[in-house]
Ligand code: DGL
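Okay, here we've got a single chain as structure tokens, the form predicted alone, with questions on binding and movement later.
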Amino acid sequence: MKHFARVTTLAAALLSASLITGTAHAQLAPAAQPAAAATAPAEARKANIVIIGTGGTIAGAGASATNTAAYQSAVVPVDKIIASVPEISKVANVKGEQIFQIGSESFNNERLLKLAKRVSELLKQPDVDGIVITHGTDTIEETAYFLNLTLKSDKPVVVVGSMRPGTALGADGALNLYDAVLVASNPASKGKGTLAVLNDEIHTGRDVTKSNTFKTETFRSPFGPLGYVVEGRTLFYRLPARPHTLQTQWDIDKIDKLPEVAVVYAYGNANPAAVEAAVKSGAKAIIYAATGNGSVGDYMVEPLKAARAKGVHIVRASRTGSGVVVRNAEQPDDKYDWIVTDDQLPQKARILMALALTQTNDTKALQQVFWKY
């Protein structure tokens, strides 16, 4: 009790002195301020993101709110789309740029090259931290794969679309765009290649594919997404295993034209005329979207061999949607000088083959490209 009384008396004396003179408080306060400032969290710099508009459903509009599958695509400019999601401004400094206003089914080699070259230009700017591309969902997987193979930057590039126009009940475009900007702004997204963000999922451009004509969860990857976007958080759970962007042998700045590569679809009683037409049209390669494990009907073997004899490369793929096409299994590929796709879907095999043909025409080297990428 005596000790407690001495402490109380001392505290009272110090308080009285400071109140009378004011000197004790005046001298202590400045010393305390730097410590407080040192522990205060610094406000994080917002990333600078360029949103490139190409059209698609995310830029679409329907006649009524119940039109979720019947609507006009590619009618809303990218700046208006950005303005409709004001929450984006809390995540990043964004600016829009309209490069196309088309449905993605209208993408061709020329437009693909133009888009990729513009993205490459922007990525080189020090004041650009990442790119988001609004895109129609029909060919979003082809564009994402092409960018994944040809861009020379580790900055995030995210391709995004929607399955419903912004005028529809349950429209998914606004949240998809917000999530895409979140992912592109996150440092954890660097070095993962081109990504596709839709329906709360983050997919690698190599694997992602559209699997349904109208459902919002249409996008799938055979090995699952890389991660998710949950309540504003970007969560990664796996990494792309195959080479991309800085690790590939292609640089979009050095590619001005892509060779013609055709896709011929297999089915019962398939008409060999499709192969002959591809050859006549000047195709340098044919991706044969075969049944099963790249199976080729006996009546199609000779037309494909004849195409190869004319210098057209034959690439066996599968129409099944997933799985590896095994070399020399269903067909004697070594004997026919054919190529197999590994696990690339026919539409993605077309992209890879076109790029490969810009550097080599050797069958063995082309086969190695499919096994590598």
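The numbering used is simple: start at 1 and walk along the sequence shown. Owing to the predicted nature of the structure, the values given are computational and were not obtained by experimental measurement.
Omitted here: the form predicted in complex with the ligand. The next part is about that form.
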item: Among the candidates G136, G173, G130, G193, the residue which, in the predicted complex, approaches the ligand to within 4.5 Å (heavy atoms); value: G136
item: Position in contact with the ligand when the complex is considered in the predicted complex, options G103, G96, P259, P240, heavy atoms within 4.5 Å; value: G103
item: Contact test in the predicted complex: K284 vs the ligand, heavy atoms, 4.5 Å; value: no
item: 4.5 Å heavy atom contact, Y228 to the ligand in the predicted complex; value: no
item: The ligand contact at K210 in the predicted complex, heavy atom, 4.5 Å; value: yes
item: Any non-hydrogen atom of Y71 within 4.5 angstroms of the ligand in the predicted complex; value: yes
item: Listed range touching the ligand, judged in the predicted complex by heavy atoms within 4.5 Å, from 293 to 301, 157 to 165, 119 to 127, 240 to 248; value: 157 to 165
item: Contacts with the ligand in the predicted complex - residues in 49 to 66 whose heavy atoms fall within 4.5 Å; value: G56, T57
